[in-house]
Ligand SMILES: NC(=O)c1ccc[n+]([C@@H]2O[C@H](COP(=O)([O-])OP(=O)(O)OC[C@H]3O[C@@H](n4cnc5c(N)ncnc54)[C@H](O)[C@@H]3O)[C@@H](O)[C@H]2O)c1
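Shown here is one chain on its own, the form predicted alone, set out as structure tokens.
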């Protein structure tokens, strides 16, 4: 069977998104990528303690010589802070890393963003490798070079563009994920289908009717390269988000407000699903799309059993949206769907 690769080329860097078939292949691929360089590998406690990747003694990263280069940190959005970035940098200094070193992150989007940002500022920039362990990180945050952390004023308001050296997506990580985490990734895949590719959306609609029975992600993972390809095509056209890359923010302005108001108890994927429905409703109210589109988008999330309940008032959400980093000239810019496969910018009324 031919090995699948998605190639992404930006002004900063060209790299591959690869799909190692199992943990042994991932282990071999990581060693090849490190290629004798000094390195720092960052992961979180859940991945380190529960993932079979770290629990096999036959794998390279269980050897004493490599274990000392692993930093294990607590999981959760509450740790997506400058204090955690400092811990990563301090570990790099403790290991006497220099500009020839490479950072590796094995984890979800939270640590992908944090390690990517730490790599962007350590010694004014060192390479890093993304090994996303959640579906959400595979199809979204690991691809495209956005890095950063949260602050009091809002989510991801401080960060940098820093493209990874490579991205290694291994489906075996999905087998250890709770179903709720899988649903978080599905929300972003649905978003990609709404943006530019009606066939991707339709494939997800067909899959949604099975409800991922018994938690089997095999069929879902077959759609992951398609979802990544949609994002990579957008990133290649607009690496620094001055134009079309902004389309990837569909559902995010409302969704980030929901996350922030819930003190991040509502996870990112579910918040984006809620935000995407809100954005579609907002578009229908302004006759930019018909209400059938609202029903269709709500239905696919419902079919995947993604909870769309939101207890915050419209006033609370609009207030939280005032800190959104996607403002232009003081006005909030929304991405609104017109139909499946087509969206447009809309400046929100004050």
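Residue numbers count along the first chain shown, from 1. Owing to the predicted nature of the structure, the values given are computational and were not obtained by experimental measurement.
What comes next is about the form predicted in complex with this ligand, which does not appear here.
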Which residue, 231, 183, 162, 200, is the contact with this ligand in the model of the complex, using a 4.5 Å heavy atom cutoff? 231
So this ligand isn't shown here. In the model of the complex, which residue out of 289, 41, 47, 30 has a non-hydrogen atom within 4.5 Å of it? 47
Per contact check vs this ligand in the model of the complex (non-hydrogen atom within 4.5 angstroms), the hit among 217 to 225, 120 to 128, 104 to 112, 91 to 99 is 104 to 112
State yes or no: in the model of the complex, is some non-hydrogen atom of residue 154 no more than 4.5 angstroms from a non-hydrogen atom of this ligand? no
How about residue 141: is it within 4.5 Å of this ligand in the model of the complex, going by heavy atoms? yes
Looking at the partner-bound form in the model of the complex, is residue 253 within 4.5 Å of this ligand by any heavy atom? no
Report whether the minimum heavy atom distance between residue 246 and this ligand in the model of the complex is within 4.5 Å. no
If you apply a 4.5 angstroms heavy atom cut-off, which residues in 153 to 184 are near this ligand in the model of the complex? 155, 156, 173, 176, 177, 178, 181
